[in-house]
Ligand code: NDP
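Okay, so here's just one chain, in C-alpha coordinates, the form predicted on its own.
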(Lines give C-alpha, C1' and ligand atoms only; values in the text may rest on other atoms or scores of the structure.)
Protein backbone atom coordinates (compact mmCIF):
# COMPACT_ATOMS: atom_id res chain seq x y z
CA UNK A 1 0.00 0.00 0.00
CA UNK A 2 1.30 3.44 -0.86
CA UNK A 3 2.36 5.43 2.20
CA UNK A 4 1.77 9.14 1.57
CA UNK A 5 4.09 10.40 4.34
CA UNK A 6 7.28 8.60 3.24
CA UNK A 7 10.02 11.15 2.71
CA UNK A 8 7.93 14.06 3.99
CA UNK A 9 8.74 16.27 6.98
CA UNK A 10 6.61 16.42 10.13
CA UNK A 11 7.14 19.05 12.82
CA UNK A 12 5.87 17.92 16.22
CA UNK A 13 5.96 20.19 19.26
CA UNK A 14 6.21 18.83 22.80
CA UNK A 15 7.72 15.59 21.52
CA UNK A 16 9.70 14.41 24.56
CA UNK A 17 6.76 12.53 26.11
CA UNK A 18 3.13 11.55 25.73
CA UNK A 19 1.24 12.16 22.52
CA UNK A 20 4.07 14.06 20.84
CA UNK A 21 6.64 11.34 21.43
CA UNK A 22 4.25 8.61 20.26
CA UNK A 23 3.28 10.55 17.11
CA UNK A 24 6.92 11.22 16.23
CA UNK A 25 7.71 7.52 16.66
CA UNK A 26 4.84 6.31 14.48
CA UNK A 27 5.49 8.88 11.75
CA UNK A 28 9.20 7.97 11.69
CA UNK A 29 8.34 4.26 11.62
CA UNK A 30 6.43 4.98 8.42
CA UNK A 31 9.33 6.76 6.74
CA UNK A 32 8.55 10.38 7.63
CA UNK A 33 11.41 12.75 8.42
CA UNK A 34 10.94 14.33 11.83
CA UNK A 35 11.40 17.73 13.43
CA UNK A 36 10.84 17.61 17.17
CA UNK A 37 10.72 20.34 19.80
CA UNK A 38 10.74 20.17 23.58
CA UNK A 39 11.92 21.92 26.73
CA UNK A 40 13.96 19.05 28.22
CA UNK A 41 17.31 18.88 26.45
CA UNK A 42 18.35 15.39 27.57
CA UNK A 43 15.04 13.80 26.65
CA UNK A 44 14.96 15.66 23.34
CA UNK A 45 18.47 14.53 22.45
CA UNK A 46 17.61 10.94 23.38
CA UNK A 47 14.44 11.04 21.28
CA UNK A 48 16.35 12.40 18.30
CA UNK A 49 18.95 9.66 18.57
CA UNK A 50 16.38 6.87 18.90
CA UNK A 51 14.29 8.04 15.94
CA UNK A 52 17.32 8.39 13.67
CA UNK A 53 18.92 5.07 14.60
CA UNK A 54 15.72 3.03 14.84
CA UNK A 55 14.04 4.19 11.66
CA UNK A 56 16.84 5.60 9.48
CA UNK A 57 15.04 8.88 8.82
CA UNK A 58 16.26 12.47 8.98
CA UNK A 59 15.66 14.04 12.38
CA UNK A 60 16.09 17.62 13.59
CA UNK A 61 15.50 18.77 17.15
CA UNK A 62 15.04 22.23 18.65
CA UNK A 63 15.16 22.70 22.39
CA UNK A 64 12.94 25.58 23.47
CA UNK A 65 9.63 26.49 25.06
CA UNK A 66 6.82 27.29 22.61
CA UNK A 67 5.97 30.25 24.86
CA UNK A 68 9.11 31.93 23.50
CA UNK A 69 8.15 33.68 20.25
CA UNK A 70 11.75 34.53 19.41
CA UNK A 71 12.77 30.88 19.53
CA UNK A 72 9.77 29.86 17.41
CA UNK A 73 10.87 32.35 14.76
CA UNK A 74 14.50 31.23 14.99
CA UNK A 75 13.45 27.63 14.37
CA UNK A 76 11.37 28.66 11.35
CA UNK A 77 14.29 30.68 9.98
CA UNK A 78 16.66 27.76 10.43
CA UNK A 79 14.28 25.45 8.59
CA UNK A 80 14.01 28.00 5.78
CA UNK A 81 17.80 28.13 5.49
CA UNK A 82 17.78 24.34 5.21
CA UNK A 83 15.05 24.67 2.55
CA UNK A 84 12.70 22.54 4.63
CA UNK A 85 8.98 23.26 4.69
CA UNK A 86 7.09 20.94 7.05
CA UNK A 87 4.46 18.87 5.27
CA UNK A 88 2.74 18.18 8.59
CA UNK A 89 2.61 20.47 11.62
CA UNK A 90 1.45 18.83 14.84
CA UNK A 91 0.72 21.45 17.50
CA UNK A 92 0.95 19.09 20.44
CA UNK A 93 2.71 21.10 23.17
CA UNK A 94 0.23 21.82 25.93
CA UNK A 95 -0.49 21.27 29.59
CA UNK A 96 -2.83 21.63 32.53
CA UNK A 97 -1.54 23.25 35.68
CA UNK A 98 -3.56 23.08 38.87
CA UNK A 99 -7.19 22.14 39.43
CA UNK A 100 -8.59 24.84 41.65
CA UNK A 101 -11.78 26.83 41.77
CA UNK A 102 -11.37 30.05 39.84
CA UNK A 103 -11.47 32.16 43.03
CA UNK A 104 -8.62 30.05 44.46
CA UNK A 105 -6.57 29.60 41.30
CA UNK A 106 -2.92 30.55 41.04
CA UNK A 107 -2.20 33.27 38.50
CA UNK A 108 1.06 31.52 37.58
CA UNK A 109 -0.88 28.38 36.63
CA UNK A 110 -3.25 30.42 34.48
CA UNK A 111 -0.44 32.20 32.66
CA UNK A 112 1.42 28.94 32.03
CA UNK A 113 -1.66 27.34 30.45
CA UNK A 114 -2.68 30.38 28.42
CA UNK A 115 0.86 31.03 27.21
CA UNK A 116 1.48 27.38 26.25
CA UNK A 117 -1.87 26.12 25.04
CA UNK A 118 -3.02 29.23 23.16
CA UNK A 119 -0.12 31.57 22.52
CA UNK A 120 2.38 28.75 21.93
CA UNK A 121 0.11 27.21 19.31
CA UNK A 122 -0.28 30.62 17.69
CA UNK A 123 3.45 31.37 17.74
CA UNK A 124 4.36 28.07 16.08
CA UNK A 125 1.54 28.27 13.55
CA UNK A 126 2.36 31.87 12.63
CA UNK A 127 6.03 30.92 12.20
CA UNK A 128 5.47 27.80 10.06
CA UNK A 129 2.16 28.18 8.21
CA UNK A 130 3.24 30.98 5.79
CA UNK A 131 5.72 28.64 4.10
CA UNK A 132 3.01 25.99 3.77
CA UNK A 133 0.66 28.56 2.23
CA UNK A 134 3.35 29.72 -0.19
CA UNK A 135 3.88 26.14 -1.31
CA UNK A 136 0.10 25.51 -1.21
CA UNK A 137 0.51 22.15 0.48
CA UNK A 138 0.49 20.86 4.03
CA UNK A 139 -1.50 19.59 6.98
CA UNK A 140 -1.97 21.20 10.40
CA UNK A 141 -2.96 18.89 13.24
CA UNK A 142 -3.84 20.54 16.55
CA UNK A 143 -4.05 18.40 19.68
CA UNK A 144 -7.07 19.69 21.55
CA UNK A 145 -9.17 18.02 24.23
CA UNK A 146 -12.71 17.08 25.11
CA UNK A 147 -12.17 19.83 27.72
CA UNK A 148 -12.72 22.15 24.77
CA UNK A 149 -16.23 20.79 24.29
CA UNK A 150 -17.62 20.65 27.84
CA UNK A 151 -16.54 22.56 30.94
CA UNK A 152 -16.05 20.42 34.04
CA UNK A 153 -15.72 21.46 37.71
CA UNK A 154 -12.36 23.05 38.58
CA UNK A 155 -11.29 22.94 34.92
CA UNK A 156 -12.05 26.66 34.31
CA UNK A 157 -8.91 28.16 32.74
CA UNK A 158 -7.71 24.87 31.25
CA UNK A 159 -11.15 24.43 29.72
CA UNK A 160 -10.97 27.97 28.38
CA UNK A 161 -7.62 27.31 26.68
CA UNK A 162 -8.92 24.17 25.00
CA UNK A 163 -12.11 25.93 23.90
CA UNK A 164 -9.72 28.46 22.34
CA UNK A 165 -7.82 25.69 20.54
CA UNK A 166 -11.11 24.40 19.16
CA UNK A 167 -12.05 27.90 17.95
CA UNK A 168 -8.60 28.52 16.47
CA UNK A 169 -8.74 25.19 14.67
CA UNK A 170 -12.02 26.24 13.05
CA UNK A 171 -10.61 29.68 12.25
CA UNK A 172 -7.48 28.21 10.65
CA UNK A 173 -9.67 26.05 8.44
CA UNK A 174 -11.67 29.08 7.34
CA UNK A 175 -8.53 31.10 6.64
CA UNK A 176 -7.13 28.27 4.53
CA UNK A 177 -10.10 27.99 2.19
CA UNK A 178 -8.88 28.13 -1.39
CA UNK A 179 -5.62 26.40 -0.49
CA UNK A 180 -4.73 22.72 -0.48
CA UNK A 181 -3.79 22.85 3.22
CA UNK A 182 -5.89 20.84 5.62
CA UNK A 183 -6.42 21.39 9.35
CA UNK A 184 -7.68 19.02 12.04
CA UNK A 185 -8.14 19.09 15.79
CA UNK A 186 -7.81 15.75 17.59
CA UNK A 187 -9.63 16.02 20.92
CA UNK A 188 -8.95 13.15 23.36
CA UNK A 189 -10.81 12.33 26.53
CA UNK A 190 -9.03 10.67 29.45
CA UNK A 191 -5.58 9.54 28.36
CA UNK A 192 -2.79 8.27 30.62
CA UNK A 193 0.34 10.29 29.90
CA UNK A 194 2.32 12.76 32.05
CA UNK A 195 -0.71 15.08 31.82
CA UNK A 196 -2.04 14.48 35.33
CA UNK A 197 1.43 14.34 36.87
CA UNK A 198 2.08 17.82 35.51
CA UNK A 199 -1.36 19.03 36.53
CA UNK A 200 -0.85 17.90 40.11
CA UNK A 201 2.66 19.32 40.40
CA UNK A 202 4.49 15.98 40.20
CA UNK A 203 2.23 14.10 42.63
CA UNK A 204 2.31 10.67 40.93
CA UNK A 205 0.02 9.00 43.48
CA UNK A 206 -2.67 11.60 42.93
CA UNK A 207 -2.21 11.35 39.17
CA UNK A 208 -2.61 7.55 39.18
CA UNK A 209 -6.00 7.82 40.87
CA UNK A 210 -7.34 9.66 37.80
CA UNK A 211 -6.95 6.48 35.75
CA UNK A 212 -8.05 3.84 38.27
CA UNK A 213 -10.98 1.53 37.57
CA UNK A 214 -11.03 1.75 33.78
CA UNK A 215 -8.81 1.57 30.69
CA UNK A 216 -7.84 5.09 29.64
CA UNK A 217 -6.59 6.04 26.22
CA UNK A 218 -2.87 5.63 25.63
CA UNK A 219 -0.49 7.90 23.77
CA UNK A 220 -0.17 5.25 21.06
CA UNK A 221 -3.92 5.44 20.40
CA UNK A 222 -3.68 9.16 19.67
CA UNK A 223 -0.63 8.53 17.47
CA UNK A 224 -2.66 6.05 15.44
CA UNK A 225 -5.33 8.69 14.92
CA UNK A 226 -2.78 11.37 14.01
CA UNK A 227 -1.31 8.98 11.44
CA UNK A 228 -4.74 8.21 9.98
CA UNK A 229 -5.61 11.90 9.72
CA UNK A 230 -2.32 12.68 7.97
CA UNK A 231 -2.68 9.85 5.45
CA UNK A 232 -6.20 10.41 4.18
CA UNK A 233 -6.49 11.37 0.48
CA UNK A 234 -5.76 15.04 -0.31
CA UNK A 235 -9.44 15.81 -0.92
CA UNK A 236 -10.41 14.57 2.57
CA UNK A 237 -10.19 17.09 5.41
CA UNK A 238 -11.11 15.75 8.85
CA UNK A 239 -11.62 19.01 10.72
CA UNK A 240 -12.36 17.65 14.20
CA UNK A 241 -12.03 14.20 15.71
CA UNK A 242 -13.23 13.48 19.25
CA UNK A 243 -12.11 10.29 20.97
CA UNK A 244 -12.92 8.87 24.40
CA UNK A 245 -11.93 5.63 26.08
CA UNK A 246 -14.84 3.20 25.86
CA UNK A 247 -15.43 3.51 29.61
CA UNK A 248 -15.98 7.27 29.25
CA UNK A 249 -18.86 8.66 27.19
CA UNK A 250 -18.48 12.36 28.06
CA UNK A 251 -16.66 14.34 30.74
CA UNK A 252 -19.26 13.30 33.32
CA UNK A 253 -20.36 9.78 32.35
CA UNK A 254 -17.96 6.96 33.25
CA UNK A 255 -17.96 3.24 33.92
CA UNK A 256 -15.35 2.95 36.65
CA UNK A 257 -14.94 -0.37 38.42
CA UNK A 258 -13.15 1.09 41.44
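The model shown is predicted, which means the values in this text are computed figures rather than measured ones. Positions refer to the first chain, counted from 1.
Another form, the form predicted in complex with this ligand, is not on view; read the next lines as being about it.
Using a 4.5 Å heavy atom cutoff, none of 126, 141 and 242 lies near this ligand in the model of the complex.
Only one of 26, 229, 59, 191 comes within 4.5 Å of this ligand in the model of the complex through a heavy atom, and that residue is 191.
Taking 181, 95, 168, 114 one by one, only a single residue has any non-hydrogen atom within 4.5 Å of this ligand in the model of the complex, and it is 95. Between 168-176, 130-138, 144-152, 78-86, the stretch whose residues reach within 4.5 angstroms of this ligand in the model of the complex through a non-hydrogen atom is 144-152. Residue 55 falls outside the set of residues with a heavy atom inside 4.5 Å of this ligand in the model of the complex. Taking non-hydrogen atoms only, residue 34 never approaches this ligand to within 4.5 angstroms in the model of the complex. Contact check for residue 17: a non-hydrogen atom falls within 4.5 Å of this ligand in the model of the complex. Although the partner is absent from this view, residue 45 stays clear of this ligand in the model of the complex, with no non-hydrogen atom inside 4.5 angstroms. Along 38-76, a non-hydrogen atom within 4.5 Å of this ligand in the model of the complex is carried by 38, 39, 40, 64, 65, 66, 67, in order along the sequence.
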